[in-house]
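Listed next as structure tokens is one chain, alone, in the form predicted on its own.
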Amino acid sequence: MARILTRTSPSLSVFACCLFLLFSPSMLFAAELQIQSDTLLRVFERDTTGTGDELVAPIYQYLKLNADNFSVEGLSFHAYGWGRQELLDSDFFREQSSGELIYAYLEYTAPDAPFSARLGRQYIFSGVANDSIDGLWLKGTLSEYFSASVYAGQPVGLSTTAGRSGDSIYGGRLAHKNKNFYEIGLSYQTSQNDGDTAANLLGIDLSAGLPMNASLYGYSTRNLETEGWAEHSYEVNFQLDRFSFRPFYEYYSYLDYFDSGANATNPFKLLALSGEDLSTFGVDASWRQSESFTFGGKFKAYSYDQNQASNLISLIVSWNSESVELTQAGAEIGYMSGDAANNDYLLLRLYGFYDELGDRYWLDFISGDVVYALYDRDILGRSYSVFTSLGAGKTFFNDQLTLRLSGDYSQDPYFDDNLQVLLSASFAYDFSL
């Protein structure tokens, strides 16, 4: 389960942007810049069972900037954000943000020491941390066997709840490692929302190399507010020549995962009060028969404390071209068995991507994906769901500009028809100042 963050309106990441502007012009003009622009136009209309048709045509602009090779060695700047404008008179996005600054931070990596620092809006993924913050993050190696990281600032995800006054977040991770054999980490995080505790978490993570080319990875998180274990996730990977085998186990306590003080608001409070515990275990296996063909299968069992259990088993075959890097195709057939109607179905999927068509056709690449589910029992009067996607694209100016056109169509028990068209233009450019 991924932690859910509230999107915020676009705003400057005060720390990084202000400091960036304070640098001397000589430092700025010595930089190398990489700019990537993505413009996406979506057009879709939904014919639902409860509301009338509505045509929506939003245009999105994504912009990414990376700057490095300043006069200060090891210094770089990174920024990424997006904005949206509705082209038609529609209130479809009325209650949603019209844009977001995803990250904007200065980063310093010491040339001659194992130390790095980030200042600004950034995403922290370290131990129990899985958050976007406006603040400072430090990471370094303490000795041959120990490393540490710490961070502090304001959580971006809580900025729309009672403002930013009284919001704070800080934490860190201490790790012990023994060369390439294992690493054990202990992490902690606490955050405040308008002065009230929003989260207070303690975590432990482990990665280890095992005999026979196997590896172990896992982590556990404890909610110090509810004094219960919020989640466990562990897996072992075996790699024997062309055969791979991955058994895994996951556990989530809805009360301890979603009930985090000031974060426990609807809909999360309802999930926390459900008293549900979810355990899943299973295995993924694959056999690389040749350089082109791979055969595999997976089994996953879902066990609930309150709801009905269910099991998923599927077989997969995939093909990759030996001569064209991205060209591939595959198929999957699976069966989900469960007591609930939406957990009892046959699953079929076909997909493919063909690259480097430019030598014979005007288009450079095409893609397709079809997913079909046949339910054992009707759900709201429908016994199946289907999703289809077709796409094509072409590159220009030595692959600096890529144009893509795709269309998605789906039918399921909850939507009579759902058609979406997406036109995107991606432009990437590198230059030096």
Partner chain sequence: MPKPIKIQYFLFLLLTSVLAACAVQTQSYRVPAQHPEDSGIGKRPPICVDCHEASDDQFNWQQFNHTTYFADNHRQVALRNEQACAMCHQTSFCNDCHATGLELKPSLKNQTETYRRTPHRGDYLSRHRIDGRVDPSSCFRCHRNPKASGSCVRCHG
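Treat the numbers as computed from the prediction; the structure is a model and nothing was measured. Here, rigid core means the biggest group of C-alpha atoms that superpose within 1.5 Å across both forms. Residue numbers count along the first chain shown, from 1.
Form predicted together with the partner chain: not shown, discussed below.
- Here the marked residues Y151, S321 and V371 all reach the partner chain in the model of the complex, each with a heavy atom within 4.5 angstroms.
- Contact with the partner chain in the model of the complex, judged by any heavy atom within 4.5 Å, is made by just one of D91, E227, E73, E144: E144.
- Using a 4.5 angstroms threshold between heavy atoms, I379 counts as touching the partner chain in the model of the complex.
- Using a 4.5 angstroms limit between non-hydrogen atoms, E325 touches the partner chain in the model of the complex.
- Taking the partner from elsewhere, Y80 is found to have a heavy atom lying within 4.5 Å of the partner chain in the model of the complex.
- A residue is said to contact a partner when one of its heavy atoms sits within 4.5 Å of a partner heavy atom; L273 fails this definition for the partner chain in the model of the complex, lying far away.
- Counting a residue when any of its non-hydrogen atoms is within 4.5 Å of the partner chain in the model of the complex, the hits in 213 to 249 run N213, S215, Y217, G218, Y219, E231, S233, Y234, E235, N237, F238, Q239, S244, R246.
- In a rigid-core overlay of the protein, Y304 has its C-alpha displaced by at least 2 Å between the shown form and the other one.
- R382 is among the residues whose C-alpha shifts by 2 Å or more between the shown form and the other one once the rigid core is aligned.
- Once both forms are overlaid on the rigid core, the distance between the two CA positions of L278 between the shown form and the other one is 2 angstroms or more.
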